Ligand code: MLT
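Just one chain follows, in the form predicted on its own, and it is written as structure tokens.
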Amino acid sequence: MRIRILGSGAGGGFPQWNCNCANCRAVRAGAPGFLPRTQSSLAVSANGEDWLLLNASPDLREQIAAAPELSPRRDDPVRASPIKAVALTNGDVDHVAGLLNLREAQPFNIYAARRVIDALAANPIFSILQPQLVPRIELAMETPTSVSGASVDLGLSLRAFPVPGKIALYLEDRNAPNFGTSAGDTLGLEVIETATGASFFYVPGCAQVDAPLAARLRHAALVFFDGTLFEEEEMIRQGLMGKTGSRMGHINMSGEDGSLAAFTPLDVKRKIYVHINNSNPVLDEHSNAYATVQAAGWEVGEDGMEVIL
């Protein structure tokens, strides 16, 4: 199974178009230790020819251009794509807006929770993806769903499971408890190669590593995990936004309740942070934060990074 990080940044990417924080200034200046990042997405293939996207970021066109395996091959028909399916972990703009890049009457399947499918259906702009060509398939919770698209079996299945999180910002109901968040608003995915049973976990948004999630991830071969913030109040301190990580529905890396501490007893073989916000000090490879996550056995995801499992 071949896995490619298309985008390792959080919403807005790195640098964010309107952000003048220290990190964004540094990456624009080409400072050593800073790498540009597009918005969060992965691509997975069992055979190296047919691909499943995990989330569709607003930067998808740029990401496809940077990954030749996602473009039509020389001997393909005049209209063709190796992208056969897209699975969505939530309805966030930075995970669904890229679907609009996949218009032009190209068949593929969308897999998502019912709540996300309903959110897409409620917005007429997504009707540009014709239902007869782009079916929207509800992911069953805890039961593997075989992945196909354009009449092709991808040799992969998805086991979806709810994780602690928050409803997408544009769907928030400020008068409802927890802004209207309910089960299915944030998913983790176990991606399974049908032929071998090899699998990995993709959890780009998560508010807490609770007991069920910890038990699920224990001894995993590979986990891509939410790396949005290093500290709870870093965006407030930097004057970027008046929200904590918890308010945004994202666990922090540091602290006694952070992901570094939560993963310590889990014996995960390989751990890679993705969905990294432009405020996060780990984006500076010379920072103490970067050294801390490396010392804990984590990798900081980069656009174009590939893993063979």
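Residue indices: 1-based, along the sequence shown. Small disclaimer: the values here were computed from a predicted structure and weren't measured.
The following text describes the form predicted together with D-malate (MLT), which does not appear among the structures shown.
- With the partner omitted from this view, the residue of Ala80, Ala195, Val93, Leu133 that lies near D-malate (MLT) in the predicted bound form is Val93 [heavy atom within 4.5 Å].
- In terms of contact with D-malate (MLT) in the predicted bound form, the residue from Ala140, Leu169, Leu100, Ala105 that brings a heavy atom within 4.5 Å is Leu169.
- Residue contact check for His250: one or more of its heavy atoms lie within 4.5 Å of D-malate (MLT) in the predicted bound form.
- With D-malate (MLT) left out of view, the stretch that reaches within 4.5 Å of it through heavy atoms in the predicted bound form is, among 108-116, 173-181, 85-93, 149-157, 85-93.
- Residues from 252-276 that approach D-malate (MLT) in the predicted bound form with a non-hydrogen atom within 4.5 Å are limited to His275.
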